[in-house]
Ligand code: KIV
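Given next, in structure tokens, is a single chain: the form predicted alone.
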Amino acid sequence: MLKPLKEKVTLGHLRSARQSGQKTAMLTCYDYTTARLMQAAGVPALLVGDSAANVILGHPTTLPVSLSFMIEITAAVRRGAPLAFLVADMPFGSYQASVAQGTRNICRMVKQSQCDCVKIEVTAHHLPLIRSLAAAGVPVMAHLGLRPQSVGVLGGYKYQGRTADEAASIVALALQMEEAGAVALLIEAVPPEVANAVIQRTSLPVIGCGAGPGCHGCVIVTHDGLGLTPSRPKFVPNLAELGDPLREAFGKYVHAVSTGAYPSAEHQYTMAPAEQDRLKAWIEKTDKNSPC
């Protein structure tokens, strides 16, 4: 049974979920129409991910997407789902150059999109930026584990925390992010043991993306869950298979147009008989006066 959102979901709800054990469902969203449907379905948290570069723009990585584009689509999602907790992804190149650049661009994102939180793929290098944003009152979700914006350095989309040393590094970074002022963590593509270690040692809400059942919430790329991408990652549930029905619907339209079945009388606007007669008389008159 659908339970549409009735009140604004806030960071307080995420923090309460950590204490109560109530899991928070989060989905990626990139447009107004889908956001409206997700709010009606009761999805409490939405992420406007830089995965838009892949599933919306068709790029092989998340790197090409621009800040202006991310702001535009985040604002659209906000209009569609004003009650959801909205997280905006900061794209590659928008915060890496300096603390000043990152603070300026992130404040621009918050002001122009009206998001509730921003997500940043972090390393220890970003600790000064996190502190600056915390001082400015900007809620930051720190993204750990697999960081798609660093795919070139990581050598591909490989899950992280494979060894005890790698796991310890992720936990240490999570603790540093909490100390610097991050309000939540997102951990992507790690074994459950790694996520659990982070959960045990920090006090922040932890959203998992392929990080096991211990996290306080889960997020997936919606297109993956709906069967709209070429392949579904291992950790993504099969919510629906919409690819085939959509292809069939598009093909049905092509057939209807190409055979003349569409548009039929039911799809046409009408003109009053008297106006039809006037139009016919005007056409006949202009045809007679035509120079040819």
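Being a predicted model, the structure only gives us computed values, none of them experimental. All residue numbers are counted from 1 along the displayed sequence.
A second form of this protein, the form predicted in complex with this ligand, is not displayed here; the remarks below concern that form.
Of the candidate stretches 253 to 261, 45 to 53, 31 to 39, 226 to 234, only 45 to 53 contains residues with a heavy atom within 4.5 Å of this ligand in the model of the complex. A heavy atom within 4.5 Å of this ligand in the model of the complex is found for one listed residue only; from 71, 84, 171, 219, this is 219. Residue 116 falls outside the set of residues with a heavy atom inside 4.5 Å of this ligand in the model of the complex. Although the partner is absent from this view, residue 78 stays clear of this ligand in the model of the complex, with no non-hydrogen atom inside 4.5 angstroms. Residue 186 belongs to the set of residues with a heavy atom inside 4.5 Å of this ligand in the model of the complex. Using a 4.5 angstroms threshold between heavy atoms, residue 126 stays clear of this ligand in the model of the complex.
Along 202 to 217, a non-hydrogen atom within 4.5 Å of this ligand in the model of the complex is carried only by 209.
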